[in-house]
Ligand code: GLA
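The chain below stands alone and is given in structure tokens; this is the form predicted alone.
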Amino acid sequence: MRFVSPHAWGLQWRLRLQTSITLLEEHFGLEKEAIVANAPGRVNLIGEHTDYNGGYVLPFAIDRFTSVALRPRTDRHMHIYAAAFDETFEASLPFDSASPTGTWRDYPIGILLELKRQANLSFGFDAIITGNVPLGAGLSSSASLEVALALSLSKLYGIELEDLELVKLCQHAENEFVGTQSGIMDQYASLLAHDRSAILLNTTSLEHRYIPLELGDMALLVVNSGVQRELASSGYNDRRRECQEALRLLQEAMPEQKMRALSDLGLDDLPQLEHTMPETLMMRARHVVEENERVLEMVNALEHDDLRTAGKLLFASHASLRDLFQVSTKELDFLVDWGRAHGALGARLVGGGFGGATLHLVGQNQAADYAQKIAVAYRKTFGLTATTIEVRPSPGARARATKKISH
């Protein structure tokens, strides 16, 4: 585990570009220049399940990427090879109709359907998808894939998109075709992140500002539980529906407030709402309101270099996700509780929940030992392998064209 400097990040970009082009050449040949896009995964430091409720979130991009390398064809066929699955997807453009398959193929299909609204996809392409964002761990591998696809394909077809247009296009593809009713945070962070910073994003106004994320002698570790979750088929969409129902009941009970989202509520509003809705929906609303406040408290803590308070907020966020939003699992709870008992300043589940990973704020000098011991304890308890990576705030996505490699 090590710090990834801007120079090292640039080296990673060049190495990944080289790898992507080499694979493209191996699978399809390389007669014309290629377009390569790298898009990072993300960790949401705090602000979970607030994004689709109009609240604040505080994500940062990580030094793990999804890469898409592609080149045009002279016909209307497309061939996409996904290295993670060792599979090739073949089809003809444009799609007259398409149905979700429940596999990785839904992501390129969804992006292409969105781009088809922008321009005539008059020729096909060959593409390679590679990456090192852990799948199903809550690090937004899906959004990084969407952003890398949208960046490279829009460049291929000469489609000019503003940053926010591209972000919304990716979110719409995931919502409407893939079937996960996620908010806009993941794609936003993957595209617009800055090095050594988190993004304070207001998901109602879509205004943001960058918050320095300088950790000093501390490290952020992501511990993957090995319990994968498929958001579209998990309770994620159920939680979103519950929040929508809670909002509807509040709008009926308090029409004068003209509420647009649960995040319009304040802490002072909660006591008077106890009998407004069923207990389960009240729990969901309480989490959203309190988590929204925790995001702002986290920003204040970071701006004052108060990592101890930041850690306490991570623990509080996990407790709320466990007890009020009920998206944790016994494996995630174990990892967080172990961290609390073994020196972590803070820890919580990251991502939508129902599996995936936990985030731990620990001393840099104890990080390697911490990772080894938590893995041993986890395997002893569950018989599963917990893998740990150190993550550092990294720049957002980028794309470039490159000429054929000569041998």
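In this text the structure is predicted, and so the values were computed from the model without any measurement. In case it trips you up, residue 1 is the first one in the sequence shown, and so on.
Although it is not shown, the form predicted in complex with the named molecule is what the next lines describe.
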**OP:** With heavy atoms only and a cut-off of 4.5 Å, decide whether residue 328 touches the named molecule in the model of the complex.
**Re:** no
**OP:** Tell me, yes or no, whether residue 111 is in contact with the named molecule in the model of the complex, where a contact means a heavy atom of each within 4.5 Å.
**Re:** no
Original post:
Looking at the partner-bound form in the model of the complex, is residue 63 within 4.5 Å of the named molecule by any heavy atom?
Top reply: no
Subject >> Touches the named molecule in the model of the complex: residue 128 (any heavy atom, 4.5 Å) >> reply: no
Subject >> Location of the named molecule contact in the model of the complex, chosen stretch of 267-275, 179-187, 160-168, 84-92 [non-hydrogen atom, 4.5 Å] >> reply: 179-187
**OP:** Quick one: from 59, 55, 339, 351, grab the residue that has a heavy atom within 4.5 Å of the named molecule in the model of the complex.
**Re:** 351
Original post:
In sequence order, which positions of 75-113 have a non-hydrogen atom within 4.5 Å of the named molecule in the model of the complex?
Top reply: none
